[in-house]
Every structure is written in structure tokens, then in C-alpha cells.
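Below, in C-alpha cells: the form predicted alone, a single chain.
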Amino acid sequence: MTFLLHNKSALVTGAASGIGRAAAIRFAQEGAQVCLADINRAGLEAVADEIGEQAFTCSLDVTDANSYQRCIDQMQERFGAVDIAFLNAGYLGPMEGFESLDAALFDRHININLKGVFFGLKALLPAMAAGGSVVVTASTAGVIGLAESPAYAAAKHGVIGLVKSCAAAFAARDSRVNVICPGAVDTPMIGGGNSGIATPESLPRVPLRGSGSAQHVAELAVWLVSSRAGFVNGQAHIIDAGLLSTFVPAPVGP
């Protein structure tokens, strides 16, 4: 069996549930040693128990640059450098439209979903091993507007612009950085559950405009951080079962 991430060290944020959990498990299955980072300590410990000795946990508040630095310091102490990072932690929040949006909610989205990515990228840049790879989770809402949550969409648009704009800085250190834009994914963030992890070959095909699983997104992350994606850099990768290619806007007005 070929392990795509054999002997690699990997940071996964938002690892306590959903896409982060699925990615952490799959990274470990592919041979990586994984630092599980999240603000949810109980969730982290549960995922660490699932993975076993290849995982250790680190409390992370993505709105705090020092919190990121502590996680990366722990990884450097253990492994010398960071080979892989999946900056996946995020916040969805209420979906109540522009009229209900206030400055406090807007700031919360920016602080978690955009500034949190900025802090992660800044801390990672000097810590990445040569040949390293970073993947960031954005959203299809970073490609189109989202009337239900303009602040979420604004932050995710910013994530895509940030990743594309820092690709040259990472390339100068022999690393790559890409962004994933999922459509509808059945995770705890939207009221779903944490599903089991299947063999990659047995994952079902998602119907047109259907909802994917956390593992569907995790499999793209596995590929992007692996050497098989060595020609892929600075790009936004949409994974949405064709949603944006066929989307028909809802009617507006009375």
C-alpha cells in the first residue's frame, strides 16, 4: 500500500468535528503524524482517541495569533518543521440576511473566518518544511454571493484573495498553498453528524447539486497536500456536485 503522506507532520485546525475531523483521520491513515487543533477540547480528545498514537492535541483559538504560534512551536519541538497544514476552522452563524446583520456579527465572521486564516498563514510561513503544502477551507460562498449570510460570504471571498495573494511568499520558501471551496456538506456545523470514514474507493458519487460528506472534502485535501498535486498552487478548488455550474437564483421581490 502506498501512503501518500508517509512520515509527514500535519496541522489540522477545526479538527474536533466535521471536515477537520475527517481530514485528520485520513491524513493519519495516509501515514502522517497529526496535530489536532481546535477550541473544543472534548471533541479533540475524541478524535485523538479515534486516531491513536499518530495524533496529539493542541488548544487553538484562531482569533489569537499567539495561540497559533503555540501549536506550531509544539509541532517544531516534536518534528522539527511542519510539512502539511489544513486551515479548516470556521464559523457559520445565523443565516438571517443582510437586514439582520450588525457590526458585531460582521466582526465575528471576519475575526474567525478571515483573520483566523491570516494568523495561521503568518505563523506557518517561516515554519514550513521545504516541499510543504497548506490548504485552506473557504466556501462556494467565497465565489458567489450568499444573501442569507453576507458577512460569511465576504469573509470567504477574502480567504480566497488572501490565499492567492500569498502563494508567491510560500513558493519562495518551496511550499504550496491552495484553497478548497465546498458546497453543501453534511457536518455538525449545519446540524448533521460526524459520519464514519470509508475507504476512499467506496465513497459514493454525490448526485447533481447534492450534499457531500466531510470525507469527500477531506479526500481533496489529502490530494492537494500530497506530492501528486505538485503542479497545483495558488488556486481555489470548487467541490460542490455541480452546484455553481447549474445554480438558478431564487426570484427577488414580492
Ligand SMILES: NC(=O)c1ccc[n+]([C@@H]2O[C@H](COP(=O)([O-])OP(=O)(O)OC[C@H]3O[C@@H](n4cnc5c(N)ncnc54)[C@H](O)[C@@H]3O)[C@@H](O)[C@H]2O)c1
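Residue positions are given as counts along the sequence shown, with the first one as 1. Computed from a prediction, not measured in an experiment: that's the story for all the values here.
Just so it is clear, the following notes concern the form predicted in complex with the ligand, a form of the same protein that is not shown.
**Student:** Within 4.5 Å, heavy atoms only, which of V134, A138, V82, V163 is in contact with the ligand in the predicted bound form?
**Tutor:** Of V134, A138, V82, V163, the residue with a heavy atom within 4.5 Å of the ligand in the predicted bound form is A138.
**Student:** Check each of A155, V177, A89, M75 and return the one that places a heavy atom within 4.5 angstroms of the ligand in the predicted bound form.
**Tutor:** Checking each option against the ligand in the predicted bound form, the one that comes within 4.5 Å is A89.
**Student:** Tell me whether G18, V62 and V185, taken together, all sit within 4.5 Å of the ligand in the predicted bound form, counting heavy atoms only.
**Tutor:** The answer is yes; G18, V62 and V185 each reach the ligand.
**Student:** Would you point out which of 165 to 173, 95 to 103, 120 to 128, 138 to 146 contains residues with a non-hydrogen atom within 4.5 Å of the ligand in the predicted bound form?
**Tutor:** That would be stretch 138 to 146.
**Student:** Given that the ligand is not shown alongside this chain, does I112 nevertheless sit within 4.5 Å of it in the predicted bound form, heavy atom to heavy atom?
**Tutor:** Yes, I112 lies within 4.5 Å of the ligand in the predicted bound form.
**Student:** Would you check, heavy atoms only and a 4.5 Å threshold, whether A46 touches the ligand in the predicted bound form?
**Tutor:** No, no contact at 4.5 Å.
**Student:** With a cut-off of 4.5 Å between heavy atoms, is I39 one of the residues that contacts the ligand in the predicted bound form?
**Tutor:** I39: yes, in contact with the ligand in the predicted bound form.
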